[in-house]
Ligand code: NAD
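Only one chain is given next, in structure tokens, and it is the form predicted on its own.
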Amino acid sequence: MTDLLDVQAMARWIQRDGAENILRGMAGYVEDDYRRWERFDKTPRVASHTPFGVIELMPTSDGELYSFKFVNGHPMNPARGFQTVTAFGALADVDNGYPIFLAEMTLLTALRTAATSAMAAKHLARPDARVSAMIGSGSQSEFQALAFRAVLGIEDLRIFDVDPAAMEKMRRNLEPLGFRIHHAASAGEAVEGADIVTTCTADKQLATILTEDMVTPGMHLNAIGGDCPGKTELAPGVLDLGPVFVEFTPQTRIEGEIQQKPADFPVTELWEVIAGRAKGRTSAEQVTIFDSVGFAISDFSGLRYARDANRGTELMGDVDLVANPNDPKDLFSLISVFSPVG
């Protein structure tokens, strides 16, 4: 049998252990896996683009475990009553190729994305960062806020979304948890006085959410909305204001903010900073930019953490996913008992 963590079990796990505890632990798993980045197979995700959105496969392996995620991105979905992003994923044993863990990854992707953002900010933002701005109040926003509090202790949020109902939803979800939230009338107002600015909008377009004049010395920019060709959030000039850090350069050049720049535009892969191979922030006044599109190693980390946290508990189910005849050479034996006789 293959272990299974379905949607209800995932939600119950988050309720049981607490989102911030999980985000803190998952950020540690992501950091550990980034530190051993060179052990992993790495490839840009395989994407099928249509006018409606994109469906992607995101695989990787560290030589002992293999993982993949199936994920969609359909920005027009909410207007039709569907979620923008849904996903599921699996871990497999490299030794025999058998899938050993299957999980929903819509909630898990929100967790691992937020955990990666907070982990990156831990290495790139100013240590005294206390105010966070969030441009975009969609499905990812609450998870981002919780992750920054879990890892960095930030409770002051300045938020803006073109949809007032989305901002109200974010306020309704987070204020009871102790966050201090300022509803801004514009993106420019939202970033005033912010130490960390996260852009997480969903529209599939070359948008300009943040311009050069909105960026002040010492800011850390966490650009997580761009995740496919033709979709950006930062004005090109913003990328010239400080060093740009990415997950996997070949993928980010296709999908990230740096798709707006020449192919030789300099970037630093985040794992190099974590492993001590490259410098992160070098001064309090420096602007740092994390151009994040999401990468398979973060999914690998999220799946590992979810499996380890729930192994042997009542939340872990199982699914009969692998055909397993008594004689491994006799697959037909599984159906022969149902065949008519005579």
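Not measured: the values here are computed from a predicted model. Just count from 1 along the sequence shown to find any residue number.
As for the form predicted together with this ligand, it is not shown, yet the points below apply to it.
Asks: Counting non-hydrogen atoms within 4.5 angstroms of this ligand in the predicted bound form, say which of S139, T249, T211, N173 makes the cut.
Replies: The residue from S139, T249, T211, N173 that makes the contact is S139.
Asks: Name the residue from A166, L241, I100, I254 that puts a heavy atom within 4.5 Å of this ligand in the predicted bound form.
Replies: The residue in contact is A166.
Asks: Does any heavy atom of G218 come within 4.5 Å of a heavy atom of this ligand in the predicted bound form?
Replies: It does not: once this ligand is placed as it appears in the predicted bound form, G218 has no heavy atom within 4.5 Å of it.
Asks: Heavy atoms within 4.5 Å of this ligand in the predicted bound form: does A185 have any?
Replies: Output for A185 is no: heavy atoms all beyond 4.5 Å of this ligand.
Asks: Could you confirm whether Q259 comes within 4.5 Å of this ligand in the predicted bound form, counting heavy atoms only?
Replies: The answer is no: Q259 has no heavy atom within 4.5 Å of this ligand.
Asks: Might F160 be said to contact this ligand in the predicted bound form, defining contact as any heavy atom within 4.5 Å?
Replies: So F160 counts as contacting this ligand.
Asks: Picking from 108-116, 261-269, 173-181, 90-98, which part of the chain touches this ligand in the predicted bound form when contact means heavy atoms within 4.5 Å?
Replies: Among the listed stretches, the partner-contacting one is 108-116.
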